[in-house]
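One chain follows as structure tokens, the form predicted alone.
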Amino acid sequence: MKNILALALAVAVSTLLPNFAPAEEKFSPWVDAQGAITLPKDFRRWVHLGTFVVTDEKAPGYGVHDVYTQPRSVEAYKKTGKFPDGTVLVKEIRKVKSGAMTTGFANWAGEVLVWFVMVKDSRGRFPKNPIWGDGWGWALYKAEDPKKNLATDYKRDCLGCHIPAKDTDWVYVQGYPTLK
């Protein structure tokens, strides 16, 4: 009788409180059950990994590239040399502003152009979703509409720029001193 009551109580609680599942069951708060990725709103509070600057306005990577991730991902990377599942990398690209300063000619970040988001997935959770593959989920958002992922196929839309970083899990870790 006790087992039946315990089972009934467990079923009732799980039905009434579905959001109290163990943390391991939720892959990422920025990924839904179908693998759609959203841009985290609070990423600028995360750890800043580093900055790349491409000043040639005609280059495809033009802009100031600042990259952020969660503190736990930095800690894990420093211990293992790998990003743990659920790691989110956000690259914010801004226009390059420049001008003469008292310290010399300077460049700095202007208005946002785009955000790139990568979510680590070593288990291949979304094999039929074309924005997932090679261990990551891939997304691109323009400043005009930060809720719409413009990437529709990571192989076509994202992977080409990451070919030189294939040996470092598709991430340009050499530009991120925080990981060292």
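Start at 1 and count along the sequence shown; that's the residue number. All of these numbers come straight from a predicted model, not from anything done at the bench.
Not on display, but discussed next: the form predicted in complex with a small molecule.
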For this chain shown on its own, do Val31, Leu39 and Pro71 all sit within 4.5 Å of the small molecule in the model of the complex, going by heavy atoms? no
Is there a heavy atom of Phe52 lying 4.5 Å or less from a heavy atom of the small molecule in the model of the complex? yes
Is Phe116 close to the small molecule in the model of the complex, meaning a heavy atom pair under 4.5 Å apart or at it? yes
Can Pro60 be called a contact residue for the small molecule in the model of the complex at 4.5 Å between heavy atoms? yes
Indicate whether His65 is a 4.5 Å heavy atom neighbour of the small molecule in the model of the complex. yes
